[in-house]
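Only one chain comes next, encoded as structure tokens, the form predicted alone.
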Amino acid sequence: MEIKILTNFFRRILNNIFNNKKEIKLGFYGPPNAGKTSLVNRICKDFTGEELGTVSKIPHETRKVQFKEKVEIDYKGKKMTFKMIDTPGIATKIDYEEFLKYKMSKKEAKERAKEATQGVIESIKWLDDMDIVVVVLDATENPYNQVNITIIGNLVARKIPVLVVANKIDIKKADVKKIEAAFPEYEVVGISAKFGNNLEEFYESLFKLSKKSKG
């Protein structure tokens, strides 16, 4: 009996060593209000029962990097463990005046702008720690802008595997093809983080990319 218990114990240890060799660090990047936190929340809720961050219509709601360890995603009988990292929205210019229209005082708006600027710097620093990055873009917006080029440029420089998500396909004016044309070197998956549309294809692409990054 004792031998059997010890055998099971060692088998479990070996399984943990070989099966959970690495927690893949998965970063979510993109401009403000593209839906990064909405997507992270949906994944975390589906696989852990808990959301990660707060979602708001006010830009730069996420002003600090937030993460959840050991999120095990089970897709078609395959399992992978991720450290989910939600980052503040990247912007090339943050003006406190943009916050005044959300009924903030001048003092609050200036503080928000300062925190958002620090958040952008923190986001870029965290790139050095990423195994894979999901770039979340708003499919209703023009993808040809300086912010998106800055994000992609930073990823190219670090040779990080990338999956581009065209979010908000539930909105009529969403144009996934425009995002595909803007970033032809990357796979683009159209989803709705709000309603969970097309997440199957997202997981499929994520698992493919994860295997490449591990290999």
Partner chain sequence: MEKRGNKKIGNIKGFSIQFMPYSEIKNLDSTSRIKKILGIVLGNEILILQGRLLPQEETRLIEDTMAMIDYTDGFKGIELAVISGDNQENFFSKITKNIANALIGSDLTSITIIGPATIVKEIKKDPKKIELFLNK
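Keep in mind the model is a prediction, meaning the values are calculated, not measured. Positions refer to the first chain, counted from 1.
If you look for the form predicted in complex with the partner chain, you will not find it shown, but the lines that follow are about it.
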{"item": "Interface stretch in the predicted complex with the partner chain - options 174-182, 32-40, 66-74, 49-57, non-hydrogen atom within 4.5 Å", "value": "174-182"}
{"item": "Partner-contacting position among 80, 132, 109, 91 - heavy atom within 4.5 Å of the partner chain in the predicted complex", "value": "91"}
{"item": "Contact of residue 160 with the partner chain in the predicted complex (heavy atom, 4.5 Å)", "value": "no"}
{"item": "Residue 144 within 4.5 Å of the partner chain in the predicted complex, heavy atoms", "value": "yes"}
{"item": "Residue 169, heavy atom within 4.5 angstroms of the partner chain in the predicted complex", "value": "no"}
{"item": "Residue contact check: residue 152 to the partner chain in the predicted complex, 4.5 Å heavy atom", "value": "yes"}
{"item": "In the predicted complex, residues of 95-122 near the partner chain [heavy atom within 4.5 Å]", "value": "95, 97, 114, 117, 118, 120, 121"}
